[in-house]
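The form predicted alone is given below as one chain in structure tokens.
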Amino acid sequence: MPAEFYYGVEVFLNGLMAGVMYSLVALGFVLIFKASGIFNYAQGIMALFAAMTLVGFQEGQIPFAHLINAVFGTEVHHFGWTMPTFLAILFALGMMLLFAFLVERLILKHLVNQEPIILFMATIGLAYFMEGFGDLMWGSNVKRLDVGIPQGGNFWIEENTAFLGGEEFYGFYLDTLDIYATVIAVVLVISLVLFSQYTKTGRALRAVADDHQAALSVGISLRGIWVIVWAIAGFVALVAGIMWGAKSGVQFSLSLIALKALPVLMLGGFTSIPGAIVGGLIIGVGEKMFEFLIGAPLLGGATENWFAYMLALMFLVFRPQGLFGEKIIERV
């Protein structure tokens, strides 16, 4: 096989890795929409806030240090100690669980049985609040996130595949962080599918999504279910924030990864956990292969910025419910 073929395979594999990263964000959207019918605009901000909180705990940063210094004229920024990564992750997870409880207590309990657009607008307000609150709490500077996962090309894969394409091919370049993210995402998805399908709480989540009133009539606590589903979405946001933050740094542009999750949801369907994964893989592979085969040689490159949205637009025209979404039929 010529070297060009193996370079194409390398692009394909890197597309799969990128697709898994997109799927991690899309999972949070699916979980909340599946259980409550809410499109959570704040999911990207949740991933950013979780990553910022993790870095803050790791570095022993004093929350609201800038505000404290401005009010009292002090110059304090850190406690003087650092926290082990595993313990910092547990504390960050605790913060996301507290966040889920507060969202239900302060927002969702007042919006039971409201129109979906009202719930959607509430999540927009929540997103902007969290963005400002995170800036005030941890600062707006770019932060480096290190959780002990190695980064850069995997030399073992590169050395053991260099023979495939002759002298013009130097082996597959696959980022070690992306490989870890793929394994973690697979474990996470399998766990969520099993939880949704085979546990009493998972069945209660689906019942609440189908009909709030019917779920309440059979004794399912709507408020309890919403706390659970937002807590799970917070955990998914923490995982996504760790992976994306370790890859590109913890900065406010990290919240924009939610925009790339939208085409994933349009392809996979808003109510399907496997659909979020398949949609992410299609988007990841599609944009990389389109850039490799058509974008770079014929269009001058930079097609990854718009390819996903064009593909999603085609799906909206021909199959608006997505590949795995349920087709909605209303009787009139």
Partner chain sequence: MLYREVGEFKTSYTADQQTFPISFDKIAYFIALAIAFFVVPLIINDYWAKAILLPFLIFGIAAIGLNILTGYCGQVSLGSGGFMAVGAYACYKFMTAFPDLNLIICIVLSGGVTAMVGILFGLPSLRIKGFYLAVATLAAQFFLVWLFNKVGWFYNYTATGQINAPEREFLGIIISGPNSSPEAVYLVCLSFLTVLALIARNLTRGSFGRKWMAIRDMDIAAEIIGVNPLMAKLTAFGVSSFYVGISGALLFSVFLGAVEVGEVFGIQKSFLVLFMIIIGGLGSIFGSLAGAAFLVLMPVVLKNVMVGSMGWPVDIAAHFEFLIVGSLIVFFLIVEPHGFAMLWRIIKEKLRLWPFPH
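Numbering follows the first chain given and starts at 1. Only a predicted model underlies this, so the values are computations on that prediction, with no experimental measurement involved. If you superpose the two forms and keep the largest set of C-alpha atoms that fall within 1.5 Å, you have the rigid core.
As for the form predicted in complex with its partner chain, it is not shown, yet the points below apply to it.
Only one of 93-101, 183-191, 136-144, 231-239 lies within 4.5 Å of its partner chain in the model of the complex by heavy atoms, and it is 136-144.
Of the heavy atoms in residue 32, none are within 4.5 Å of its partner chain in the model of the complex. Contact check for residue 301: a non-hydrogen atom falls within 4.5 Å of its partner chain in the model of the complex. Not displayed here, its partner chain is approached by residue 266 to within 4.5 Å at the level of heavy atoms in the model of the complex. Remark: residue 259 counts among the residues lining its partner chain in the model of the complex, judged by a heavy atom distance of 4.5 Å or less. With contact defined as any non-hydrogen atom lying within 4.5 angstroms of its partner chain in the model of the complex, the contacting residues in 115-142 are 115, 116, 117, 118, 120, 121, 122, 124, 125, 126, 128, 129, 131, 132, 133, 135, 136, 140, given in sequence order. After superposing the rigid core, the C-alpha of residue 312 moves by 2 Å or more between this form and the one not shown.
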